[in-house]
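Shown below, as structure tokens, is a lone chain in the form predicted on its own; questions about how it binds or moves come after it.
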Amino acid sequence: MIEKEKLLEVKGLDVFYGDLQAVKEVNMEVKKGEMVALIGANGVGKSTILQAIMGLNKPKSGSVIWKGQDITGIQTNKIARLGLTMTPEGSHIFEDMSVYENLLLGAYPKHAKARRAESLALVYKTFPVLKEKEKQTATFLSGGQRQMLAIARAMMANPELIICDEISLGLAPVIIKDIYASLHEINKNGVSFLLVEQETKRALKHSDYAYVIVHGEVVLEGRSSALSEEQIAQVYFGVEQSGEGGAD
């Protein structure tokens, strides 16, 4: 079996806020073509890990490796030029600009500008509603459409890996289902994903590999198909889940 190329490696990551250690010795990786989930409750250090990966905060120790290159602490815009981008929690679109203008902003890396027309065609194929609303000011989009726009804007950078921070937060189940279906279509086109999720069942369903984080530490990891909700509940919640509810 041919070993997949490692795109992203996080090695021994320690991050502090003053005297408070938010992340402790985190090790994780994303290989080419994979969809990897980072599972954890609100406030356990998931966003801190993402910010360290994207150069938004500086780890006290440890390293972030992108395709064999140490990128620890370099500027976020330089990281994006390397093929790694992120959709932050809450989408953070430019509300006073049109959908089309938002998308063009995503294609600012030099290599992405050269493929802007091709990327735009793929975006509109993946999210037809954005084509319908391309001239509309983004402030009038629904919550689900805003999240689609944030993902589409990341696609415009022509990335190899997209980090998605809580993309399902606050959305209706039917919208979440549609968005995840779109992520799988994007993945088929060669883009890898690191998906940050709180909902265990959804995270396992839509990933190849999963890491579970509690109090800033990875406490469980493995192929998503081999992990159970009960296993994760025991380390994540401290109790077994009731099995009520569902995920898209």
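The numbering used is simple: start at 1 and walk along the sequence shown. These numbers come from a predicted model, not from an experiment.
Omitted from view is the form predicted together with ligand ATP, to which the following refers.
The chain is drawn here without ligand ATP; in the predicted complex, the stretch among 62-70, 42-50, 219-227, 180-188 whose residues come within 4.5 Å of it by any heavy atom is 42-50. Taking the partner from the other structure, ligand ATP in the predicted complex has a heavy atom within 4.5 Å of a heavy atom of Q198.
Using a 4.5 angstroms threshold between heavy atoms, A22 counts as touching ligand ATP in the predicted complex. Interface membership of E160, defined by any non-hydrogen atom within 4.5 Å of ligand ATP in the predicted complex, is ruled out.
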